[in-house]
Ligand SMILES: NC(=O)c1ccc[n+]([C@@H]2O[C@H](COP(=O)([O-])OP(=O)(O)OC[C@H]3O[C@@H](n4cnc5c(N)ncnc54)[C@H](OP(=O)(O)O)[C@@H]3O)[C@@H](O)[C@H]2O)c1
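The form predicted alone is given below as one chain in structure tokens.
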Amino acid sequence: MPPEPPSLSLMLGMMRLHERPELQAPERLADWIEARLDQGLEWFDHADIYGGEGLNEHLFGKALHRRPSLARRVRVVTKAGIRMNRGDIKHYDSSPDWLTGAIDRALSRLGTERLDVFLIHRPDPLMEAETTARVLDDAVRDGKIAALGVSNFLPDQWRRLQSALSSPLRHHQLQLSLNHSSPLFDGHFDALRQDGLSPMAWSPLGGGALFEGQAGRLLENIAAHHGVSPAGVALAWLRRLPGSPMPVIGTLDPTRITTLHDEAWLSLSRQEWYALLEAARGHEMA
């Protein structure tokens, strides 16, 4: 395996934090965070809807407040722009008032003065790029956000926003995995690379579906050959792409995290990579 660049192997998704009662106490969660940091895993992925109304950000912030030394070591990504209020229809909101409040609420819940990365969670057809950009530029200028990005945007959607921004968009979080490889063939992945956006891949293990059928059997065979887990091979497949997309993993289990962290740097051959792609797509390359 090649040497591991610091802090770039995996991002830890906090989407299910509220489902883990053993991590609800601030001291216990602080222990968990510190253990991940000691492994070299410093990126934590949040969103204001995770847990409902910012609950998971709040839990994370309470742990950092309990152990302030951790706050200087963590790197926090959070997202806003999806509204799921009780009694309201689910919708997207990139309006200035909502985004301004969302940024401030995230800072307050997380107990930090700056977000390392802030992403607009979904493209909003009602977005006025100029007014949305003004809010984001102001937050960067005021030191509330270190870097900007988007999530689930198409190229023309992020380019429309970028055209109104003074600050660069630096990150894009998209669905990308062995069983969701369409961004590699529809121009999406090439566009983000061309525009200098760093890719973050959500659902990098396909929700477990990629371990079934022909692709699952081939993953098992390649994993056995290399002495790793099928999940490790799936992450290595993703990391083999140009730019080495950062997988956002959903597990909070320490043993599982350690396994994935240790195995994501497996070096797959070009033939192995394409064999897996063929098995997942169900047909040969044209």
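So that there is no doubt, residue numbering starts at 1 and follows the sequence shown. Keep in mind that what you see is a predicted model, and the values were worked out from it rather than measured.
Here the subject shifts to the form predicted in complex with this ligand, a form of this protein not shown in this document.
Peer 1: Looking at 187, 207, 213, 168, which has any heavy atom no more than 4.5 Å from this ligand in the model of the complex?
Peer 2: Contact residue from the list: 207.
Peer 1: Of the residues 105, 180, 122, 144, which one places a heavy atom within 4.5 Å of this ligand in the model of the complex?
Peer 2: Checked against the cut-off, the match is 122.
Peer 1: If we take heavy atoms and a 4.5 Å cut-off, which stretch out of 213-221, 23-31, 65-73, 251-259 is in contact with this ligand in the model of the complex?
Peer 2: Heavy-atom contact with the partner occurs in 251-259.
Peer 1: Residue 98 near this ligand in the model of the complex, any heavy atom under 4.5 Å?
Peer 2: Flag for residue 98 set to no.
Peer 1: Decide whether residue 57 counts as a contact residue for this ligand in the model of the complex under a heavy atom distance cut-off of 4.5 Å.
Peer 2: No, residue 57 sits far enough from this ligand in the model of the complex that none of its heavy atoms falls within 4.5 Å.
Peer 1: In the model of the complex, is there a heavy atom of this ligand that lies within 4.5 Å of any heavy atom of residue 162, even though the partner is absent here?
Peer 2: Output for residue 162 is no: heavy atoms all beyond 4.5 Å of this ligand.
Peer 1: Considering only heavy atoms, tell me if residue 173 and this ligand come within 4.5 Å of each other in the model of the complex.
Peer 2: Yes, residue 173 lies within 4.5 Å of this ligand in the model of the complex.
Peer 1: For a quick check, can you give me the residues of 213-231 that have a heavy atom within 4.5 Å of this ligand in the model of the complex?
Peer 2: Residue within 4.5 Å: 231 only.
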